[in-house]
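Only one chain comes next, encoded as structure tokens, the form predicted alone.
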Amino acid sequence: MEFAFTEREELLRKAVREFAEAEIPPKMEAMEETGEFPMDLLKPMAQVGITGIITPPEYGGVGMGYLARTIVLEELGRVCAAFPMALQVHHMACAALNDFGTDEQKKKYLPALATGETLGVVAVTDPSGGSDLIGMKTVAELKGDKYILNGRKCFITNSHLADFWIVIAKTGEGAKGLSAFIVDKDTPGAKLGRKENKFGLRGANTGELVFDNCEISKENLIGQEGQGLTVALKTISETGRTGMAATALGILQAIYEEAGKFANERVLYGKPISTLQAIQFLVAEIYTQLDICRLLNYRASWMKDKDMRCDTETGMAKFYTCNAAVEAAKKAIEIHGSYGIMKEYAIQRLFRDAMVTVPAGGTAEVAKAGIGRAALAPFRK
């Protein structure tokens, strides 16, 4: 088994780290205050290859794949997790179009995503619940050569920043009763709803989309009518979960660095607290979890690149890494003591960001249900 990265992947990591450390910190205070994503960095990110990392070169991307994407999101998350949150949903839109779109749809929409003209959106969650896809209330009814879309989507990342949205809506009943559509933001009847005020991942714009007798051309149907559940599940499982896991991995790396740095700099009883065994144990636990999570993340992304079935592996990477980041942040706050809850120290932001990754992109319970089925499959008769 080969654990080494290619030279191109190592150069990518170096380029993204340099970009993140130079360009993101000056934006973070405003992001925390406003909750807004700095769109002026979208084009520079495209120039580094971040926005088109999984998009084929023929559509303006660099086509490096999912392991490279995990490297990108991890490095961004190490500095500010709102960036990989926004980018991983952007990549979900790229994946949905690349996997299910027509040639015309790919030529029209993928280059704009790959070159940083706009951010991508995949709108699945209804106010009635995100996990119950079949029970969603957003409806698209075919009338003549157009679909009439009515309903509301909530908790949608990049909602107010995108030029178009990929929307899952109900067109029938049961598992084959969902369909996927491309909805341009200037389509009559398509409206922006409220912006959410999250306590973590502040700079990743999140909000509502509202559809009131919104007319959508049949040409904007992605795949076939009734294929929406497949579009949603494949995109969430293979791209959304790996993206959220990599975002949490970046947070976990930052937590480890903050904990280690503080432990070496904080002096009590005339020596750094890193000499205390209790502190060493906490850092050891964070360090071990980081290594486990990195292996889970890289394996799932590698399997995706090899076209191997990886829904169980992406589920494990997502639920385990997100929860590990939360637990590691708690340990790091213990190491910081009262400083850990002060705004001047990064660890309180990392804790808040880690908490938001847990329900985002699919709950841990849904992931564990899938993992449980896979775990018990060998014992079924």
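The first residue of the shown sequence is 1; numbering continues from there. Given the structure is predicted, the values throughout are model-derived calculations rather than measurements.
Here the subject shifts to the form predicted together with a small molecule, a form of this protein not shown in this document.
Shown alone, this chain has one stretch from 283-291, 176-184, 152-160, 253-261 that lies within 4.5 Å of the small molecule in the model of the complex by heavy atoms: 152-160. Mapping the unseen interface onto this chain, K198 counts among the residues with a heavy atom inside 4.5 Å of the small molecule in the model of the complex. In the model of the complex, M85 approaches the small molecule with a heavy atom inside 4.5 Å. Interface residue remark: T125 is counted as part of the site for the small molecule in the model of the complex, having a heavy atom within 4.5 Å. In the model of the complex, the small molecule stays beyond 4.5 Å of every heavy atom belonging to I371.
This chain is displayed alone, yet in the model of the complex one of A95, A169, V89, L113 has a heavy atom within 4.5 Å of the small molecule; that residue is V89. Of the candidates V356, A324, M316, I347, V356 is the one whose heavy atoms come within 4.5 Å of the small molecule in the model of the complex; the others do not.
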